[in-house]
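Consider the single chain below, provided in structure tokens and representing the form predicted on its own.
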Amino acid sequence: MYDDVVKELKELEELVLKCMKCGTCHADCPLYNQDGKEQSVARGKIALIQSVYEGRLEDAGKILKHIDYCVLCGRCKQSCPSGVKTDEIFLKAKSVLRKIEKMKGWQKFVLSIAMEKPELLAKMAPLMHMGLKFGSKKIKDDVFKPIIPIAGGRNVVSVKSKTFADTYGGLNKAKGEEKMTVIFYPGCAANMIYTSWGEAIVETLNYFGVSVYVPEVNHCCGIPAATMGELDLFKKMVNKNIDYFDSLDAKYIVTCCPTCQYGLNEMGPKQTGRSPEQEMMDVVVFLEEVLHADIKLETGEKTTIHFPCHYDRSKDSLLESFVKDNLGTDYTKLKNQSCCGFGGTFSLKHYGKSSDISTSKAEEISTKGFQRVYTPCPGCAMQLTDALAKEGSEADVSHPVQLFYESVVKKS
């Protein structure tokens, strides 16, 4: 078994050798910026992997905790002058190392329910909703602080009693003349927590003459499995979703979660060899570049944007223009452009460190008196909501489409 693990790690050598050990990744790593430890940053993790398959480090199991200690924000990959595919290296290495460092039983059980039992998860939503209501202190509208110690003192947005798919699953017909049909993939967070995002997006697309398919059962994109070292389960979830996409006659797949898009449209195809037949894109990009939607508001709110790490960074200026020009806000760019520190399962495993990363951003938002923070990622929204509540800020965290829906579409 151990020799097989070393052999599989050596298969990463072609990717590993592209790392010139220049250390450019240090400046962009949110964890290295917190603790200054070499094993926290991409260069250090790659060196550990290399040490195992070159025989300089004998206990491969000991390096998993360092490889796993990663937000998987991808900023090291984006800044690397050598084009090292750090995400592919770390996900594959974790998968290999899981063969000798097994996941804990309860972790495997929870992951299995989340990935492979979406109907059961949906049925549990009312219970989770009620549990949060009665086992928490209300902080502000829809934000609660659970009293159980396992929550770690975080502030959470409520799980809704009815999933988004339960309400919108199936074909949602366009209002008026139909221009086209698309698929909206909500992801788990919009399906169970940010259901209002899903509602705003489907209703807005219908308003602009777009019919929208929504999965009647939302299957996870699989990224949580990949980040836990379960690549086979990740591939299974990617294939399940692509089977669903391919079964429908639609021109585009629209998302409101950059991490889901990364999982299904970037990492998924690399791991499975399959890509969706339809072009996949963020809903703001779809409204601007495909629909050329006429969206005009005058809110006057003091706003800013948090740009998610997995967002198509070539579209950052488009997102910024959408908020500045279409939503009529008093917009200022944040000085702090770092990762929010969420990282999905990273936040669950390392909440303290995850929270530390978001603190400085929350401080800037609070100090500058922003009334609203826009972000097109539900994971980032959860993280910033928690950080802002701790900071005592009244700023709301919203998806850019929400305000247009509430101000125009809902009243039409």
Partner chain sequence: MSAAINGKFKEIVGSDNFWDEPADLMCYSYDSAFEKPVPPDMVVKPSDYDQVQKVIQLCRDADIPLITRGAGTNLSGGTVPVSGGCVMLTTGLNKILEVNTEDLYAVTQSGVVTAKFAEHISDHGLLYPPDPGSMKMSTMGGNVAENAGGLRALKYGVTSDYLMGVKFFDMDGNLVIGGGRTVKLVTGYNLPGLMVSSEGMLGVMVELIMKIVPVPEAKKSMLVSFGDVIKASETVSKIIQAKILPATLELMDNFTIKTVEEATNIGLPVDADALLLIEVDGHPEAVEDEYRKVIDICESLGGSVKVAENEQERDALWEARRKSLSSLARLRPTLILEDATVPRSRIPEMMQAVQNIRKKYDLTIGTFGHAGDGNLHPTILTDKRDEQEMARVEKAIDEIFETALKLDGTISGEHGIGSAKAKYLESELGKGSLIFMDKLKKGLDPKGLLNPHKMGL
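Values in this document were obtained by computation on a predicted structure and should not be read as measured data. Positions refer to the first chain, counted from 1.
What follows is about the form predicted together with the partner chain, which we do not show.
A.B. asks: Answer yes if any heavy atom of Ser82 is within 4.5 Å of a heavy atom of the partner chain in the predicted complex; otherwise answer no.
C.D. replies: Although the partner chain is absent here, Ser82 would touch it in the predicted complex, with heavy atoms inside 4.5 Å.
A.B. asks: Quick check on Glu364: any heavy atom within 4.5 Å of the partner chain in the predicted complex?
C.D. replies: Contact with the partner chain, no.
A.B. asks: Using a 4.5 Å heavy atom cut-off, state whether Asn33 contacts the partner chain in the predicted complex.
C.D. replies: Heavy-atom contact with the partner chain at 4.5 Å: present for Asn33.
A.B. asks: Wondering, does Ile63 line up within 4.5 Å of the partner chain in the predicted complex on heavy atoms?
C.D. replies: Answer yes; at least one heavy atom of Ile63 falls within 4.5 Å of the partner chain in the predicted complex.
A.B. asks: Is it true that Leu91, Ile100 and Val110 each have at least one non-hydrogen atom within 4.5 Å of the partner chain in the predicted complex?
C.D. replies: Verified in the predicted complex; spot residues all out of contact, no.
A.B. asks: Within 4.5 Å, heavy atoms only, one stretch in 102 to 110, 291 to 299, 74 to 82, 320 to 328 touches the partner chain in the predicted complex. Which?
C.D. replies: Selected stretch: 74 to 82.
A.B. asks: Mind listing which residues of 364 to 396 have a heavy atom within 4.5 Å of the partner chain in the predicted complex?
C.D. replies: Heavy-atom contacts within 4.5 Å come from no residue here.
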